[in-house]
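Here we start with a single chain on its own, the form predicted alone, put down as structure tokens.
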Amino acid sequence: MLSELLQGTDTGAVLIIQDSCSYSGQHLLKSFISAALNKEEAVHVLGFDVSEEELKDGLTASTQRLHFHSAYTDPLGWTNRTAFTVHQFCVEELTHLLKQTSHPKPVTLVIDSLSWILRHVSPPAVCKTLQQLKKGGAVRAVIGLLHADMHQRGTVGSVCHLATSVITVAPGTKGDEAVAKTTKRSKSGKVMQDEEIFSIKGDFSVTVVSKTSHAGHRQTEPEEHQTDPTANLTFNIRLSDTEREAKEKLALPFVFSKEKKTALLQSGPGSGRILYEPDANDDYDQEDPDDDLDV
């Protein structure tokens, strides 16, 4: 599933790369940037964690379509010399920022990282902006890096619930390998999960080594001894064969057998019937007798 996401995300997708202090998702984020540039897509990066030089370092794809909006030196805008600040993270400011460069098609917005914004902007406001970007059509896709161990579980859960795909990275057993747990939600509401071992090469291309399987690591639980709840009762609730046979032969009241139903439903030759034919002298009035009442 990781390879499918690298090949291209759907329009209106929000992809979150969730990392921690044990393993950084910065290289995987650069892999998504490189994959988008190789597909000749325009990429706008909101840079908080690293500088523009560090982000472009190692990218073999053409960086002409890569637009870096630096917030690395002054993310809070104290000197008013940065191209972007955390307080500008709203759909109006982002739309104005993206329109400064002309593109024939919607662009891919990369946020490096969402943790900087969530530390200074309320989580509801961040989720609202992501939702507006998701449905507004100004960007084709949003890819954000999130340091999960910097926030409360509720904040991380809210952002990940809004995303269409979440990739949680963790260190692998080997030095150059890592584990990616991917959760993808389709437009129909179907949720797909996958866990893969991957490695990132020098050109930031991703190689999926294998898919992890927990079948060999599961410990078989000992079977619980099933006790008979009727073993120590002072009365008998079981039936013997003779009692069960007598029970089956017992005719219950108001339960007719098939033969009795047939006999009751079929009329015999001596059965009686009532026939009534109205006579001319019968006192039968077709008018409503209560017609003169004011009701």
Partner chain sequence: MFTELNSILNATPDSFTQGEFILVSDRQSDASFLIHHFLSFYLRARCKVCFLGLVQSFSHYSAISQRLGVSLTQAREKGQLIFLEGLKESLSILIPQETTTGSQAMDFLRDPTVGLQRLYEFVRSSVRSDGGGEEGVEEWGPPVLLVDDVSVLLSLGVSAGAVLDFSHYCRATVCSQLQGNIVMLVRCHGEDAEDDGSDEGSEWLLKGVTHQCSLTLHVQGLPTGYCRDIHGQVEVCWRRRRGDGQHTQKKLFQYKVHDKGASFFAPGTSSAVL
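Predicted model, so just to flag it, every value in this text is computed and none were measured. Positions refer to the first chain, counted from 1.
A second form of this protein, the form predicted in complex with its partner chain, is not displayed here; the remarks below concern that form.
Contact annotation: of the candidates K135, R81, K187, K105, the single residue with a non-hydrogen atom within 4.5 angstroms of its partner chain in the predicted bound form is R81. The stretch among 162-170, 194-202, 179-187, 92-100 whose residues place heavy atoms within 4.5 Å of its partner chain in the predicted bound form is 194-202. In the predicted bound form, its partner chain sits within 4.5 Å of a heavy atom of F48. In the predicted bound form, its partner chain sits beyond 4.5 Å of every heavy atom of T207.
Although the partner is absent here, Q26 is a contact residue: one of its heavy atoms lies within 4.5 angstroms of its partner chain in the predicted bound form. Looking at G77, you'd find a heavy atom of it within 4.5 angstroms of its partner chain in the predicted bound form.
Taking the partner from elsewhere, no residue among K39, H44 and L66 has a non-hydrogen atom within 4.5 angstroms of its partner chain in the predicted bound form. Residues of 13-32 lying near its partner chain in the predicted bound form, listed in sequence order, are D19, S20, C21, S22, S24, Q26, H27, the criterion being any heavy atom within 4.5 Å.
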